[in-house]
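Just the one chain here, laid out as structure tokens, in the form predicted alone.
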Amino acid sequence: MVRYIEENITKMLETKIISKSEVLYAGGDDGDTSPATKVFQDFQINEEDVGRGGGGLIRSWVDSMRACSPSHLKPFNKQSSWIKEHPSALNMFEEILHESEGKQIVMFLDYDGTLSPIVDDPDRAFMSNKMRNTVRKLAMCFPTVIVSGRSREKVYSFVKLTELYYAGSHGMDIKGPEQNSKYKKKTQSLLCQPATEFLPVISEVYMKLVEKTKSIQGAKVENNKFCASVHFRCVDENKWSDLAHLVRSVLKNYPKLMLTQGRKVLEIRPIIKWDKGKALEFLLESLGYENCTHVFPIYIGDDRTDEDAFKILRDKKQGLGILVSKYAKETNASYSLQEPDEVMDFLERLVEWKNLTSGE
């Protein structure tokens, strides 16, 4: 049942949406090994690197940046075993329908690289009108959520559909449909913002990063409200180390923030255990599907941050994840699609199947 959540983490604790053990801060000595802490340890900001001025740390950052770059990944034709483990969702469409038989499908869709192509300028990541119409039809058939690292307002400005759920800032800013959704009660609204107390520090860090990175040609800093993004897609690879040094010089003074990575983007986020996987769980609960065996979530995404949601579905053996990628890479997703056009084809087939089976 959709319910309103107060806009701060204290309320989230009181309502038991998250527990005290899930609120994580840098420099803790409690031995926590939860996934959120592990992510932070993978991209440490203040790690000691005596005598090298942080050189070893920065090299590890750059190695990670390079490893996630598509130009360094192996295409499918050189990884036939990978495609066998993660077959095309289009080729396996009938099997997916069989898996979902008798269950309520709930759709979760990433935006960049999933509904729109990846572009050099993140402010021009427009979705096509055809894709928009497809998503509109999808939302008439199933509860549909857009889950993005962008701010909720920014991703809405791209999608422009009022009948969807939007989870911006990697799920730290969730709002229900404004209208025209049969899956939302008219008198109720949904709002979940578990990181509100971090808004001032994110804004401060964003402004410092903008100033610091001016010297790096092609770098772009984006304020996504509850997180900030440093895009390096247009930065010469020889300058990645310089960029990493500048980012670290800012973040080392903010122990309650962590650094994670997406596709040619560094993400600065609050250290709380909240991600796209947590957002998925929260939304399923809000829709009345908590611990329900008759729901079938389908999550489609292309980024490393989508893995949190893929893992939730795999661990629960509920629904499935679909990775959008032309390259073979480690993933918790069960199936794959190569590009947004294939995503649109898959969504169109879902809509067609639903309309046929419901007699519409």
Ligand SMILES: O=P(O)(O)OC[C@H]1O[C@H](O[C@H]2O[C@H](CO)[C@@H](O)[C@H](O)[C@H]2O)[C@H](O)[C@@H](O)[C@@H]1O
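Position 1 is the first residue in the sequence shown; the rest follow in order. Please read these numbers as outputs of a predicted model, since none were measured by experiment.
We do not show the form predicted together with the ligand, though everything after this point is about it.
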- With the cut-off set at 4.5 Å between non-hydrogen atoms, does residue 97 touch the ligand in the predicted complex? no
- Message: At 4.5 Å between heavy atoms, is residue 139 in contact with the ligand in the predicted complex?
- Response: no
- Wondering, does residue 276 line up within 4.5 Å of the ligand in the predicted complex on heavy atoms? yes
- Message: Considering non-hydrogen atoms and a 4.5 Å limit, does the ligand approach residue 218 in the predicted complex?
- Response: no
- Message: So the ligand isn't shown here. In the predicted complex, which residue out of 226, 111, 108, 166 has a non-hydrogen atom within 4.5 Å of it?
- Response: 111
- Task: Mind telling me which stretch in 278 to 286, 144 to 152, 198 to 206, 238 to 246 gets its heavy atoms within 4.5 Å of the ligand in the predicted complex?
- Result: 144 to 152
- Note on the structure: Contacts from 244 to 274 to the ligand in the predicted complex (any heavy atom within 4.5 Å), listed N to C, are 263, 264, 265, 267
